[in-house]
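The data below hold one chain only, encoded as C-alpha cells and taken in the form predicted on its own.
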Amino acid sequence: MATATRSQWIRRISGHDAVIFYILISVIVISMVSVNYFASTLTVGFLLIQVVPVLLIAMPMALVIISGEIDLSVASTAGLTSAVMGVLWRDSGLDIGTVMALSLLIGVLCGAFNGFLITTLGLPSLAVTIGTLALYRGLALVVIGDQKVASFPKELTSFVLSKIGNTGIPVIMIFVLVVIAFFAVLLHFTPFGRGLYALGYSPQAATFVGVRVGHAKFWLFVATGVVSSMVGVFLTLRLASAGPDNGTGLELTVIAAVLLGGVSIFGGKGNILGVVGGVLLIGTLTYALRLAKVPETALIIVTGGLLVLSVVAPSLIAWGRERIRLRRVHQNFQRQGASGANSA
C-alpha cells in the first residue's frame, strides 16, 4: 500500500503537469532577476489581465480537443461579438446590461452553427472552423465596418480593470476562477466529461459504451462560442473600444497553450490543471519578453515554436519510451536464453 502511494506521488511530481509548473516557476525567477520592472505588483496585474482571454477560451477548447475536434473560429467569434456590442450600444438605445446579454447570444449562434455543420452534416471540424474563422470576421466588418465605438460606461470599463486591494490581482480573476472550476468539474467529475476521453480515443467505442457523440460535440462547440463571446465583451470593456479586429490571432495562442498543457492533439488525453499551467507559462514568457523590449514579430515566432514543440515533444517522448521498453524486453529475452543455455 505504502509502495503504491509512493509510486503515485512520484508520478505526480514527475508528470507533465508538474514539469510545466517547474518551467513556469523557472521563467518567473529568471525574469525577476534579469528583466527590469518584472518583480512588482504591477506585473501581476498586467500579466493576469492579459492572460484572461486565453485562460477563458482555453477551458472549452481543451474539452473540444480532448474529444478529438478543434475550433479555430474562437477569435473571430470574439471579434463579431465586440462589433455587435458596439453597434447595439451606439444605435439601439438599450441599457448596457441588455446589450451585453444580446451580445452573448452571438456566441450561442456561432457555436451552434459550427456544431450543426460538424455533428449533423458530418463535416470535419478543422475545415468548418477555418471557414467560419473567415466568415465571422467578415461579418464583424459588415456589422461595424472599419469604425470603432468607444463610448461605453466608464464605471464598467474601470471595474474590468480594477484590482483586489494592493495585490495587483484583477477582480475579474474571480470570475475566471469560477469558469475554470466549472470546466474542471465538468471534465473530471461528471459522466459527460469522462465520456469525452472515450470520444477522443474512438467515437465508435464511445457510442458503444453509451456516449451520445453528436449531442456531446454539439454542446462543446456551443460552449466555445459562448465563452468566446464572453471574451469579446471583456475585450470591448477592457480596451473601452468595440471593433472587428478585437481578439485577432487569439486562436493560435489558445491552441498553443492547451497543447503545451498536455492535451493531445489526437484527442483522449489532457486535464484542466495542465492547461492552466500552459496558459500561465505562455503568458508569463511573452510578457517578460515584451518587458525586455523583444519585437512583436519575435513573440509570434516564440508562440509558433511552442505550438510546434507541444505537438512534436509528446510524440518524441512516446517514441523514446517505446524504444526503452523494447530494449528491456529484448534484454530480458537474452537473459532468459542465456539462463536456459547454462541450465542445459
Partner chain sequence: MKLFSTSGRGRRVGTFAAVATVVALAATGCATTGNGGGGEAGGDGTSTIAFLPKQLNNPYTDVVLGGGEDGAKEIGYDSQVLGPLEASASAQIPFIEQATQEGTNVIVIAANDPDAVGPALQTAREAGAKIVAFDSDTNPDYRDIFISQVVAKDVALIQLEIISEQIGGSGDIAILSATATATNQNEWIKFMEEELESNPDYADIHLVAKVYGDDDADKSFQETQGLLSSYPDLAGIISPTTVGIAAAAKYISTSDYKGKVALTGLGLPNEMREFVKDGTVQEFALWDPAQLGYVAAFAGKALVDGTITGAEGDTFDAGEMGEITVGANGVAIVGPPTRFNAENIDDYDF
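Not measured: the values here are computed from a predicted model. Numbering follows the first chain given and starts at 1. By rigid core we mean the largest C-alpha set that fits within 1.5 Å across both forms.
One more form of this protein exists, namely the form predicted in complex with the partner chain; it is left out here, but the text below deals with it.
Q: Can you work out whether the partner chain is within 4.5 angstroms of a heavy atom in all three of L94, L102 and I172 in the predicted bound form?
A: Heavy-atom distance to the partner chain in the predicted bound form: none of the three under 4.5 Å.
Q: May I ask you to state whether S241 is within 4.5 Å of the partner chain in the predicted bound form, using heavy atom distances?
A: Contact check for S241: yes, within 4.5 Å of the partner chain in the predicted bound form.
Q: Report yes if any heavy atom of L161 sits within 4.5 Å of a heavy atom of the partner chain in the predicted bound form; otherwise report no.
A: Yes - in the predicted bound form, heavy atoms of L161 and the partner chain come within 4.5 Å of each other.
**Q.** is_contact(R335, the partner chain) in the predicted bound form, heavy atom dist at most 4.5 Å
**A.** Because no heavy atom of R335 falls inside 4.5 Å of the partner chain in the predicted bound form, the answer is no.
Q. Given that the partner is absent here, does R90 sit within 4.5 Å of the partner chain in the predicted bound form, heavy atoms only?
A. R90 lies outside the contact set for the partner chain.
Q: Heavy atoms, 4.5 Å, the partner chain in the predicted bound form: which of 180 to 188, 225 to 233, 106 to 114, 262 to 270 makes the cut? Say which one.
A: Only one stretch qualifies here: 262 to 270.
Q) So which bits of 150 to 169 sit within 4.5 Å of the partner chain in the predicted bound form, heavy atoms only? A) Going through 150 to 169 in order - heavy atoms within 4.5 Å of the partner chain in the predicted bound form - the hits are A150, K154, T157, L161.
Q: Answer yes if the Cα of V294 shifts by 2 angstroms or more between this form and the one not shown on a rigid-core superposition, and no otherwise.
A: After core superposition, the displacement of the V294 C-alpha between this form and the one not shown reaches the 2 Å mark, so yes.
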